[in-house]
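Only one chain comes next, encoded as C-alpha cells, the form predicted on its own.
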C-alpha cells in the first residue's frame, strides 16, 4: 500500500523531476536573493561581477564585428571604435578575472563544499585563454599572421596540426565566434548558479559554517 502511494506521488515525467530537483537545490530565494552578508561589501567581491560585465561587452562588440566583417572594422571610424571596445573589453576581462581568481585563491574559496564552484572558475579561465588566442588569430593584420604561423609550427611539433590549423581563418573564426563563447558562457552560468546555491565564501576569519 505504501509503495503504491509512493508511486502515485512521485513524478514520472522528466520535466517534473527536473523542476523538483531545481526547486530542491536552488530555490528562488537563493537564485534571486534580496540581501547579502555584510562582508560582501568588501572590494574583493566586486571583481567577479566586473568580469561578467566585461564579458558582456566582449559578446556584444564581438557580434557587431562578426556581422560587419574586417573590411568595416579596419577602415570605418565606427568600426575602429567597436573594435577598440572589443579589444579593451578583453584586456579588462583578464585583469578582473585574474584579480578575482587570485583573490579567491588566497581566501580559500573552496571552503564550505564550494570545490565545484572553484573548479568551474578554473575551467572558465582556461576556456577564456583559448578564446583570446583564437581572437588574436583572426585580427586579419600582420600581428595575427605572425601569431598564426608561429602557432602552426608549435602545433605541428606536438602532432595536433592536422586537427587544429591556426592558419585556417575559416576554422579559427568558427571556433572563436561560435564554439568557445558558448562554452565559456555555459561555464560562467554554471559558476554563477553554484555561487547562488552555496553562497558567497566568507572571510577566513569569519565564524565556521558547519562544514568544509
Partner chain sequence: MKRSAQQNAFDSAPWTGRVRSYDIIKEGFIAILVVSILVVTFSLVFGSPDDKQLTFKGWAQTNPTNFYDTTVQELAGTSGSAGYGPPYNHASDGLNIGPLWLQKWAGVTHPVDVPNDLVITPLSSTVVPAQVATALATWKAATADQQTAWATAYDTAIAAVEGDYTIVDPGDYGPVPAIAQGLTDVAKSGSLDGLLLAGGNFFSTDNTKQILFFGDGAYLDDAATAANLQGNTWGMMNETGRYPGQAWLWLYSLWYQISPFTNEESAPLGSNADAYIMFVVLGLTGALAFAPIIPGLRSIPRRIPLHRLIWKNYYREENIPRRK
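Bear in mind that the values here come from a model prediction, so they are computed numbers and not experimental data. Think of the rigid core as the biggest set of C-alphas that the two forms share within 1.5 Å after superposition. Positions refer to the first chain, counted from 1.
One more form of this protein should be noted, the form predicted together with its partner chain, which is absent from this view; the next part is about it.
S.K.: Even though its partner chain is not shown here, does residue 124 get within 4.5 Å of it in the predicted bound form, heavy atoms only?
M.R.: No - in the predicted bound form, heavy atoms of residue 124 and its partner chain never come within 4.5 Å of each other.
S.K.: With the partner left out here, check for me: in the predicted bound form, does some heavy atom of residue 204 sit within 4.5 Å of its partner chain?
M.R.: Judged by the heavy-atom cut-off of 4.5 Å, residue 204 is in contact with its partner chain in the predicted bound form.
S.K.: Heavy atom to heavy atom, is residue 187 within 4.5 Å of its partner chain in the predicted bound form?
M.R.: No, residue 187 is distant from the partner.
S.K.: Can you check whether residue 196 is within 4.5 Å of its partner chain in the predicted bound form, heavy atom basis?
M.R.: Close contact exists here: in the predicted bound form, residue 196 approaches its partner chain to within 4.5 Å, heavy atoms only.
S.K.: With its partner chain left out of view, choose which of 169, 65, 183, 175 has a non-hydrogen atom within 4.5 angstroms of it in the predicted bound form.
M.R.: Filtering the options by heavy-atom distance leaves 169.
S.K.: Between 43 to 74 and its partner chain in the predicted bound form, list the residues on our side with a heavy atom within 4.5 Å.
M.R.: Heavy-atom contacts to its partner chain in the predicted bound form: 44, 45, 49, 50, 53, 54, 57, 73, 74.
S.K.: Once the two forms are fit on the core, has residue 185 moved its CA by at least 2 Å between the shown form and the other one?
M.R.: Shift of 2 Å or more: no.
S.K.: Does residue 40 count as moved between the shown form and the other one, where moved means a C-alpha shift of 2 angstroms or more after fitting the rigid core?
M.R.: Yes; that C-alpha moves by at least 2 Å between the shown form and the other one.
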